[in-house]
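Below you will find one chain, with nothing else, as structure tokens; this is the form predicted alone, and questions on how it binds or moves follow later.
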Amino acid sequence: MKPLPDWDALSFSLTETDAIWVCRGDTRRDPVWDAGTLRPFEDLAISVASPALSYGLGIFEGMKAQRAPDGTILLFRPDRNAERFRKSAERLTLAPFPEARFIEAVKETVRANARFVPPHGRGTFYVRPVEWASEARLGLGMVNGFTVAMYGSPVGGYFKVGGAPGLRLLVKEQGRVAPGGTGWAKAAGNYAGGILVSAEAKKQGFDDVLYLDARHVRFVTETSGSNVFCALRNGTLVTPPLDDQILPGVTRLSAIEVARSLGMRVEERPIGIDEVVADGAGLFATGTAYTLARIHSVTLRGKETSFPDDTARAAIFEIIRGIQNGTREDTFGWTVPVDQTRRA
């Protein structure tokens, strides 16, 4: 059994836990997927000829389990992650994993690592489901063999708390992903190109970058790993619409639904960086890792613009966080409890 971490020193980093869940699939058989199994947290063998290594045929998900005050472990909207996992697989020509089985596998992974789910209010348990083409082959083309695996780690906040009341973003006048590509899917390759971009921004003192759209290089899209919302001075909350460059974030959707339940006017429409700078009062980023992160400022062409109004984000965040950690009634029906009884 792996040692438990210091709950008061958690960061967003990997802590190896007791178990991972692994399932193999082959489209030439019926059923496609085997029963899946728990195994110790260990390396998995992969062929050097796997199309995941040569051609990037791999996807992933990100979701969290949290403890309520009574010790119950709660998942947040796992059905949405299951749906996105299936759609991402279809886009990358991977065998789609059944959504009901996805949810059960997440539960099994969390259950097997329940002692690593932090105490209430002291962190979360981040679950990472992945799928890749594991059949050895040379050359581009459809693949028959696949692997789905799930692991998790107790984590703290994604960003280190600095002096500014929120994130400082550098606007990159370029696209995060190619138009017409896989930007709307949770494809592993979508994130590789942004690592250097983000690292260079951090050397300049920024927390992350804010990308513009790849077609017009005018409209806001995403940060390196989150959706973006802008609260305008007239009270309207605007977020870019889902398209081939925007990931359909689960937290993004939840923020929209909570905002509308509070009577806020929410628009899903293109919003130019010039409009954000001229008319934005508040700005925040949403994602599983980010949750709802306040954005303090953006810097465009050397000029920094601050966004002092945190009212909308704070109101939405209070509700979503309360539902996720079990301190607020879940009137939306979003949380799913994990039975902590170990299975034979």
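A residue's number is simply how far along the shown sequence it sits, counting from 1. It should be emphasised that the depicted structure is a prediction, and the values quoted were computed from it without experimental measurement.
Separately, the form predicted in complex with 2-OXO-4-methylpentanoic acid exists; it is not shown, and the next lines address it.
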query	finding
Partner proximity in the predicted complex: Pro69 to 2-OXO-4-methylpentanoic acid, non-hydrogen atom cutoff 4.5 Å	no
Contact of Gly36 with 2-OXO-4-methylpentanoic acid in the predicted complex (heavy atom, 4.5 Å)	no
Contact label in the predicted complex: Gly225 to 2-OXO-4-methylpentanoic acid, heavy atom within 4.5 Å	yes
Heavy atom of Gly62 within 4.5 Å of 2-OXO-4-methylpentanoic acid in the predicted complex	yes
Candidate stretches 50-58, 28-36, 297-305, 283-291, one within 4.5 Å of 2-OXO-4-methylpentanoic acid in the predicted complex by heavy atom	283-291
Answer option from Phe206, Phe116, Phe219, Tyr126, heavy atom within 4.5 Å of 2-OXO-4-methylpentanoic acid in the predicted complex	Tyr126
Residues in 6-32 close to 2-OXO-4-methylpentanoic acid in the predicted complex, defined by a heavy atom within 4.5 Å, in order	Phe12
